[in-house]
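Consider the single chain below, provided in structure tokens and representing the form predicted alone.
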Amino acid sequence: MIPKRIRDIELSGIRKMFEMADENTINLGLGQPDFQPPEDVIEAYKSAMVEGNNGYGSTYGLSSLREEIAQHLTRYKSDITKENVLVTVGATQALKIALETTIHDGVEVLYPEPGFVLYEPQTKISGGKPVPYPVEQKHDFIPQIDELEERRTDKTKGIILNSPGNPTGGVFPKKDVEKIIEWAEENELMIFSDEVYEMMIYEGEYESFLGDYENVIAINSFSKTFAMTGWRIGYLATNKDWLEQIGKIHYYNVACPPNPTQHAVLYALKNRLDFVEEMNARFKDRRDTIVERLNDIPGIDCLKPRGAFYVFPSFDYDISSKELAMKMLDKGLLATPGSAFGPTGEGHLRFSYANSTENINKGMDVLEEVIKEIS
């Protein structure tokens, strides 16, 4: 018999839309860079295999890669070492094992809505009860402490946070990070911080949840950073006690992360951060283009995101986000309805600007045409 916690999980609305598109569709719906990893990083991947790095490795990951990651993270937590880092099969697996280790039956976990589609089902799969909290445009897509407190109960033991946000592009300022940490510490909550877009910031400095508070599990990935979404390498960072326990679940989950991929990622971290800067410069230009185009369309209101590569505009028309997305798809433009990210996302659309400026402009032309028809 299929367990209820599995039976009740639905297929991602993003995937449903993606399956309906064809090769001629302008795809502003999928969240992956339209770049290839640098050629020398690909060569490093090949070399790792040729040199014999094809067997099992450490459950915790390549020691030298963990050291390099820890060095990167000292900007947020000065005393972090490789003993605080576990290499994973992407951020998806990192969040899964973090929840499976720390959450048990009946425990409530707060998660952002609209938010990334994995948060709710992964909490359920771990045996916990997901409880949504709003991240709204009127607050720059930043969670508000009073609204978090309204949803907290005696059973609340964790909170999932995401900055820069998917689907919103919202980035938490330092003051809000500090407030949320203080609130979480007062209530003895575990923080699961999804920091996958940490290196995709267009204004200001990034603020991580890593720091003095010990009950933080920071989750990250190289998928977006180096345009290697199919390579499936990520990591999590936390205190040594939690890492030891998570390491057990990690072993019984995947045994170890893929060996040659880690060598290639290590090379990229040491040698090709310039690629990240160049890619971000392109994304920033595209962001400015799509935000300007969206705000020129009557009935559309779009904040300028400070991070990631998504915009999450609201619209003021008597039509659901799914209906609007389907009308665009009929005319050759794929976007994601806001409702795919939870009921709070209704009245919004998510566009990814991980596509060419030419395609972004073509897509906005389609949106303008659809808006004229419905208005």
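Keep in mind the model is a prediction, meaning the values are calculated, not measured. Residue indices: 1-based, along the sequence shown.
Although it is not shown, the form predicted together with a small molecule is what the next lines describe.
By the 4.5 Å heavy atom rule, the three marked residues 168, 295 and 347 all fail to count as contacting the small molecule in the predicted bound form. Contact between residue 90 and the small molecule in the predicted bound form is found at the 4.5 Å heavy atom cutoff. In the predicted bound form, the small molecule sits within 4.5 Å of a heavy atom of residue 310. Contact between residue 215 and the small molecule in the predicted bound form is not found at the 4.5 Å heavy atom cutoff. Contact check for residue 210: every heavy atom lies farther than 4.5 Å from the small molecule in the predicted bound form. None of 111, 226, 116, 172 but one reaches within 4.5 angstroms of the small molecule in the predicted bound form through a heavy atom, and that residue is 116. The contact residue chosen from 31, 57, 342, 38 relative to the small molecule in the predicted bound form is 31, the criterion being a non-hydrogen atom within 4.5 angstroms.
Exactly one of the stretches 145-153, 91-99, 180-188, 251-259 approaches the small molecule in the predicted bound form with heavy atoms within 4.5 Å, and it is 91-99.
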